[in-house]
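One chain is shown next in structure tokens, namely the form predicted alone.
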Amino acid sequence: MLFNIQKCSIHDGHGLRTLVFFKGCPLRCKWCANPESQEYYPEVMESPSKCIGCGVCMKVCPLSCISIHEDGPRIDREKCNNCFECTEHCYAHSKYKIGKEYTIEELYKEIEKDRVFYSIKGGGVTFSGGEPLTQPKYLKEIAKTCQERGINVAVESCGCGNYSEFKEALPYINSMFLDIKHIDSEKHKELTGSGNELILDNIRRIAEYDIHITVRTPVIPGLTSSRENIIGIAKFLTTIPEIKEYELLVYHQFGVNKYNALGREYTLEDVEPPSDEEMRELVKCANDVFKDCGDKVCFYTKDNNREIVTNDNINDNIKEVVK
């Protein structure tokens, strides 16, 4: 089950990437930017601004769960059974279905359309989510197909999956971006609905393969942004020689409107993104931990550049263009 295919990304792996978003994730991160990725089944999303007020959706709904609100006809999610009658009759695409099944060949044909860009600028396909590792057989088959036909494969993951199942896909993956949200398992459970033991164990196991790994932490003020958390994660990474890169991700609110479109509440609406100064300080903290490791580095991305801050260059950024 997929929910989106996005073209020409430059932030999710080397070169130009085609992003394939798997639908379904075992975590429920409070800041999730893609809430439509969480469930493993198709859902109805609403865009009131597109509504033309025809009322057809209310007429065709077999459960009468659509009624008029201040911003137009809205679905009562407690009554809705996702029959998709409203989406099939909505002329303006104000109500639409999110989530679609693709065969391996159907998906590969979509990826293949971008091969010309890969050949010019480098790049490949990045499987994201949701959580690709929880659809291991499908991930293995599409990754294998891409590799056999000469397309570079990357995976973005929260690391939450059954290793005995997803390990079959690892030989066909070139690089991975693996999240560690919080080093404290109880805090991790509070923020995501699950502890981090499985995630940390999976990261150790994946690192044994010849896969380029970048560990990421989303910096959410008041939740994951403490020095103790970043230092703790950095110390964990010093125990895994194969992992060289640690990236801190600046929190954003790009997904807020999606919660409204799904009839859900976004509880972090008052949280502001961290300042540049705060990001620099956290990067420095991690690099202080890495100073005796030689080849490990922490960074964050700003204006498509890697910003690397250490005690030696605290007043002068080291910038590397993201490629």
Partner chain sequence: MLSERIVRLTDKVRNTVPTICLDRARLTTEFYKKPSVEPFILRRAKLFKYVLENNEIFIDDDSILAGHMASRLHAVPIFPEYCAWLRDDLETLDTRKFDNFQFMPGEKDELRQMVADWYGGTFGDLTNAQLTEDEWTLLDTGVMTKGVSQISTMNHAPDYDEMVKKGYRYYIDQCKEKIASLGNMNIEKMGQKLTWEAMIITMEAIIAFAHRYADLAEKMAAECENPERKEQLLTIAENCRVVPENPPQTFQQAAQLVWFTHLALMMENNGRDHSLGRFDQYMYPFYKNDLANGVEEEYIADIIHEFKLKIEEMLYLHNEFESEAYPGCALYIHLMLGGVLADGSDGCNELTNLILHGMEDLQTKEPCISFRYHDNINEETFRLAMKVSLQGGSHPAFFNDSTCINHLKRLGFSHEDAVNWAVCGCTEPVVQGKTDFQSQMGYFNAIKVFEIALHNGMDPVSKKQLGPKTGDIRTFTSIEQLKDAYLEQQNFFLKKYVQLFNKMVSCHAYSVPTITGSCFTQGCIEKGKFLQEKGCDMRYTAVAVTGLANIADSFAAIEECVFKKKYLTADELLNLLETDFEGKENMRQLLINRAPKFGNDIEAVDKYAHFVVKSIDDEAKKYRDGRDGELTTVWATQSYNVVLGRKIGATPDGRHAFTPMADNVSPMNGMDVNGPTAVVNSVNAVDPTIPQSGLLLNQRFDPAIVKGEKGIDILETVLRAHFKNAGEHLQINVVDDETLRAAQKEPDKYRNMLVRVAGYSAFFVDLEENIQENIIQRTMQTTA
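The model shown is predicted, which means the values in this text are computed figures rather than measured ones. Positions refer to the first chain, counted from 1.
We do not show the form predicted together with the partner chain, though everything after this point is about it.
Look at 236-244, 145-153, 100-108, 117-125: in the predicted bound form, residues with non-hydrogen atoms within 4.5 angstroms of the partner chain sit in 117-125. For Tyr91, a non-hydrogen atom is located within 4.5 Å of the partner chain in the predicted bound form, even though that partner is not displayed. Residue contact with the partner chain in the predicted bound form: Asn82 places no heavy atom within 4.5 Å of it. Contact annotation for Ser225: none of its heavy atoms lies within 4.5 Å of the partner chain in the predicted bound form. Though the partner is left out of this view, Phe254 does reach within 4.5 Å of the partner chain in the predicted bound form, counting heavy atoms only. For the residues Cys293, Ile52, Val60, Ile68, the 4.5 Å heavy atom test against the partner chain in the predicted bound form is passed only by Ile52. Between the partner chain and the residues Arg77, Lys189, Lys113, Lys137, the one pair within 4.5 Å by heavy atoms in the predicted bound form involves Lys113.
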